[in-house]
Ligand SMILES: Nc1nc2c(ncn2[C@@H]2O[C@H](COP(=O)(O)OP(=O)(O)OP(=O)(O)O)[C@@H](O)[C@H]2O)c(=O)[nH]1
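Shown below, as structure tokens, is a lone chain in the form predicted alone; questions about how it binds or moves come after it.
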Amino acid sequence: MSTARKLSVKKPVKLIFSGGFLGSGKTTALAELAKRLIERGMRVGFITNDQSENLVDTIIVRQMLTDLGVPVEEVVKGCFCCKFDELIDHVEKILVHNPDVLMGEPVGSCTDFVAAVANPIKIQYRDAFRFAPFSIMVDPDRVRSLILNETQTDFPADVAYLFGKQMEEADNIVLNKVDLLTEKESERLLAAIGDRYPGKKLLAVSAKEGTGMDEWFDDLISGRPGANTVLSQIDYDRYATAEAVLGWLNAAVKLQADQQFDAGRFMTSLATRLRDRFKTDKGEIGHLKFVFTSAGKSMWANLTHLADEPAIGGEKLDQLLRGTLLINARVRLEPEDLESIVRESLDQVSKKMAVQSEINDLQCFSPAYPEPAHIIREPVE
């Protein structure tokens, strides 16, 4: 292992990292936790992560925490595991602000976090950081399809393998979106998770409505040490295959019109058209996210399942003449097919709403084979 650089901290900084598969709601949940930390008088920093630039989550986090003085950095073009030095670079930038807590959101296709990220940090920077319990967030529909095999999915078995490995290395498994479930169904899913992954702390939350968030928050700040469950074995070929079945598209689009238009209507129309095309091509969605920015304000939309309707959040933006749209799509399609569908759908919606769209940047690919900079399988306190 390379020699660690010296990091300047006045006292150990608590690290709150939460992983979980695409579409589990990590961004909203961590932003809500950050607000609770700030209400307790703590200074917070935040690091997002993606396989490419133009990350929607970074804009959303900055918008949600814009008035609270939270520095936000992002690690792109690879997961935290494979971009360990870049992660530490961005950690250093946040440490300038003297945070009490640093929050991180690994990319949704990441696993083996404890061996590849947490353990190296514990060894190299033992005096600088303390890990809170490592949480994995899960979406109820993914549990039904990828763990319980109760519902149909077009994701292959290797994606279910990755999903299971994420849960296996968690300290906390957090079932999100319980506002969409009955209490009985929530209890059933938690019991099923507990049977398969014994010894985990199980929580049920709705990040959207706040249900269960206080219990999760209290555990994270309790002082209980975290990131201690090292995967004893993981098949990196299966892990790589699970990532590679997804086409991964990030795009930045300039929009302008001669007559005013509604950003929410534009995003909803685009998301709906894309969803319908993905259905036709059996393109299972990991997640589809948009953020529309105009005059310093941001509005966003997301879709995580082919059966869903787009959800809208952020600030209301209507009666616009121009703005910038970021598109993040993680879909089970070949990259060239995904890019073609996005370009065609964007063009059709733009023409229908009399909006001129110009793609300034577009990257579409399948993630490369994961090659972590460090892997330490032995438990590290």
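These figures come from a predicted structure and were not determined experimentally. Residue positions are given as counts along the sequence shown, with the first one as 1.
Just so it is clear, the following notes concern the form predicted together with the ligand, a form of the same protein that is not shown.
*Asks:* Mind checking whether each of 21, 26 and 177 has a heavy atom within 4.5 Å of the ligand in the model of the complex?
*Replies:* The answer is yes; 21, 26 and 177 each reach the ligand.
*Asks:* Residue 72: heavy atom within 4.5 Å of the ligand in the model of the complex?
*Replies:* It does not: once the ligand is placed as it appears in the model of the complex, residue 72 has no heavy atom within 4.5 Å of it.
*Asks:* Would residue 189 sit within 4.5 Å of the ligand in the model of the complex, counting heavy atoms only?
*Replies:* Result no; residue 189 lies far from the ligand in the model of the complex.
*Asks:* With a 4.5 Å heavy atom cut-off, would you call residue 299 a contact of the ligand in the model of the complex?
*Replies:* Residue 299 lies outside the contact set for the ligand.
*Asks:* According to a 4.5 angstroms non-hydrogen atom cut-off, is residue 307 in contact with the ligand in the model of the complex?
*Replies:* So residue 307 does not count as contacting the ligand.
*Asks:* Tell me, please, which stretch of 93-101, 219-227, 178-186, 262-270 lies within 4.5 angstroms of the ligand in the model of the complex when heavy atoms are compared?
*Replies:* Of the options given, it is 178-186.
*Asks:* Tell me, which of 122, 200, 83, 287 has a heavy atom within 4.5 angstroms of the ligand in the model of the complex?
*Replies:* Contact with the ligand in the model of the complex is made by 287 alone.
*Asks:* Among the candidate residues 247, 78, 108, 283, which is the single one with a non-hydrogen atom no more than 4.5 Å from the ligand in the model of the complex?
*Replies:* Contact with the ligand in the model of the complex is made by 108 alone.
*Asks:* Residue by residue through 185-221, which ones have a non-hydrogen atom no more than 4.5 angstroms from the ligand in the model of the complex?
*Replies:* 206, 207, 208 sit within 4.5 Å of the partner.
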